[in-house]
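The chain below stands alone, shown as structure tokens; this is the form predicted on its own.
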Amino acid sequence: MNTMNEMKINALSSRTFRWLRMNEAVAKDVTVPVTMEYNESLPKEITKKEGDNLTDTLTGAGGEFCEAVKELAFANYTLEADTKASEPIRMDFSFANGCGAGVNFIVKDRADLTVIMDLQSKEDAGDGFLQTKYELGDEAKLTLVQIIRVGEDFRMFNDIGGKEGKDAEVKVIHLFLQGHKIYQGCRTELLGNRSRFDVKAAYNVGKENLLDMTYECKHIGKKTVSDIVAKGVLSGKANKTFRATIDFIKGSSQSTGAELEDALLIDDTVVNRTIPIILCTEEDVEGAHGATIGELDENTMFYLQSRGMDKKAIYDMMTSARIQEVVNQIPDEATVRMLTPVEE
């Protein structure tokens, strides 16, 4: 089994202060993946065939990751124009060490598709790889849900890239629930006028686990909109990096973009890095970014403890609330039920 000594991943398109060590992530001793099989359920409107990996579509993880997965067999899933899929595409991945998959979604003009991907692993330890690309026609819609809950010693590399036509809409829903090290790259190009990109991510990172996230949106068309929101909880000796870049290209006039993170830190031993970036070569745009990072305030803690809750119960409740807020946005009742805790 071949390995790479190291792989640079999730690099910022505009490098910041080098001493912060946030410009990119570096993964050591990475297994070069071979193609794996996965279970899928396709609506009748979807056409599937083996195809290329949409090499003209750039992704968030970057060039070294794309080079590592270039030999994977990619599958193209196409939804024809003026069609709304009768049910979601459902994909269940059970990764073994050194296995990977590549999938492309081609959603043509005025089509509407939801994809639900459940990423788990057959074993606790190893490396898994998934690359997802999409191309949307005019007025097309795609909702991409990814649930990442691999083994406690498993390292997951998850990569996304896409392009959108005019009046197209992409919504990415990410749930980072379990895994030793998770690397998440995501990049989209808003090519068409009035296209839109939304990200809603929730995470729960504990023990000595790592989550490294990069989201990038390039505004190219006019009146385009992006909204990137991440919420989560860090505990133990968790290590989390959140990079978000909104790039207003010259010509993207009257476009708006926002990026926000809300991180709750349970223990003083966590490592939290947040770097929101707005790049701009167009004057007639609006960009906003912000972050709320810290512990629960004393008044809230006192109020909840006075009602009989200990510290662990309080933080468990806060963690569940952040996860559930994103779960409830999944447009599939069966998936929401699966991810919603049953009250005793």
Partner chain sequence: MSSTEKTYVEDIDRSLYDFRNEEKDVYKVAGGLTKEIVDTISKEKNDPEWMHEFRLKCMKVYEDTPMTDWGPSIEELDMDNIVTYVRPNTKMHATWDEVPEEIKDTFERLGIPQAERESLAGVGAQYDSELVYHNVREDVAAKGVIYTDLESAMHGPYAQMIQDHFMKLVPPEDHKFAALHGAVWSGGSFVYVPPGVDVEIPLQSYFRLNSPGAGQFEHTLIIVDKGAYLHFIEGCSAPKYNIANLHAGCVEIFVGEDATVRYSTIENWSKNMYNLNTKRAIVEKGGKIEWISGSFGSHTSYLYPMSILNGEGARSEFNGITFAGEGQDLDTGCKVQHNAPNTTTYVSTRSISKSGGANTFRSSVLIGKNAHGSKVSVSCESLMLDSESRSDTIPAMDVRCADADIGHEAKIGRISDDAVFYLMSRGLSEEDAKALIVSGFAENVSKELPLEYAVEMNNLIRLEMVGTIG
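Numbering follows the first chain given and starts at 1. As the structure is a prediction and not an experimental result, all values here were calculated from the model.
Form predicted together with its partner chain: not shown, discussed below.
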query	finding
Contact at Ala75, Ala96 and Arg110 by its partner chain in the predicted bound form, all three, heavy atom at most 4.5 Å	no
Proximity to its partner chain in the predicted bound form, single hit among Glu40, Glu45, Glu64, Glu282 (heavy atom within 4.5 Å)	Glu282
Of Ile220, Val229, Leu265, Val115, the one that lies within 4.5 Å of its partner chain in the predicted bound form (heavy atoms)	Leu265
is_contact(Asp310, its partner chain) in the predicted bound form, heavy atom dist at most 4.5 Å	no
4.5 Å heavy atom contact, Gly51 and its partner chain in the predicted bound form	no
Partner contact for Arg273 in the predicted bound form: its partner chain, 4.5 angstroms, heavy atom	yes
Contact of Thr292 with its partner chain in the predicted bound form (heavy atom, 4.5 Å)	yes
Options 65 to 73, 274 to 282, 29 to 37, 51 to 59; stretch whose heavy atom lies within 4.5 Å of its partner chain in the predicted bound form	274 to 282
Members of 240 to 256 lying within 4.5 angstroms of its partner chain, judged by heavy atom, in the predicted bound form	Lys250
